[in-house]
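Encoded as structure tokens, the following chain is the form predicted on its own, with no partner shown.
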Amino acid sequence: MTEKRALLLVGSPRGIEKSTSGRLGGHLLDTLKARGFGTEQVHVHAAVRSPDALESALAAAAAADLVILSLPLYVDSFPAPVIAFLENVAERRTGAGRAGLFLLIQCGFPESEQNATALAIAERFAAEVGWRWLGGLALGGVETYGGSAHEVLEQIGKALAEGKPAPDLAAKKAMPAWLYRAGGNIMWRRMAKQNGVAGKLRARPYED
């Protein structure tokens, strides 16, 4: 029996080891490895900087039965290097008729629904290139899914390993959004003070 392959594409500029995207995606990859999958990881930002690395990443995508795209939300979409990589996939129709796509995305906004546009983009991309859409997990700053991140990823990994779409999980608020924003404001003020710009947080240098 041919071993199934799972590919983790990490779309954070911080890389695989230092990023939340890498750690969360890596745990999901571990759940698949425990269920008999061969696994591979690619840092997308590094891959698109080198023709050889890009070809290697595209070859990994072509061989994958399951592609996990793990990244932070940039505005309403993906970081530019991720878009560039996906454009290469679309141009060649890499893995068409073979790969399934799961999106793992997190944002700094309190609400997970801020990721809705990016999820729709990923689903549309899968349809255009001939990949099976297996759903996604959208993480906001104040929401959980009824368990620890590891427990949720174990549940998702079990479904993906069986070739099923990820379960549709309902998000629950772990703290009020106003409290999350208040904590964020305190952090920004502290950083501004450390960098000598405490009085310039409301500056609009390009207004004129």
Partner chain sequence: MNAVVLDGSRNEQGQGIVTVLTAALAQAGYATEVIALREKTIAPCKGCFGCWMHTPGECVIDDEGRQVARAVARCDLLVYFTPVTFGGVSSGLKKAVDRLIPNISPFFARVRGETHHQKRYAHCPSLIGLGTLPQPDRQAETLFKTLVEHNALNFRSPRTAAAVVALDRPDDIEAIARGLVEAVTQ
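Take the two forms, find the largest set of C-alpha atoms that superpose within 1.5 Å, and that set is the rigid core. These numbers were taken from a predicted model, which means no experiment stands behind them. Numbering follows the first chain given and starts at 1.
Although it is not shown, the form predicted together with its partner chain is what the next lines describe.
Here the marked residues Pro13, Val75 and Pro205 all reach its partner chain in the model of the complex, each with a heavy atom within 4.5 angstroms. A single residue from the set Lys164, Arg181, Lys33, His27 has any heavy atom within 4.5 angstroms of its partner chain in the model of the complex; that residue is Arg181. The closest heavy atom approach of Pro81 to its partner chain in the model of the complex falls within 4.5 Å. Its partner chain is not drawn, but in the model of the complex it has no heavy atom within 4.5 Å of Ala96. In the model of the complex, its partner chain lies farther than 4.5 Å from every heavy atom of Gly100. Although the partner is absent from this view, Ala138 stays clear of its partner chain in the model of the complex, with no non-hydrogen atom inside 4.5 angstroms. For the stretch 102-140, the set of residues having any non-hydrogen atom within 4.5 angstroms of its partner chain in the model of the complex comprises Gly108, Phe109, Pro110, Glu111, Gln114, Thr117, Ala120, Ile121, Arg124, Phe125, Glu128, in sequence order. In this overlay on the rigid core, Ile16 has a C-alpha that sits less than 2 Å away from its partner position between the shown form and the other one.
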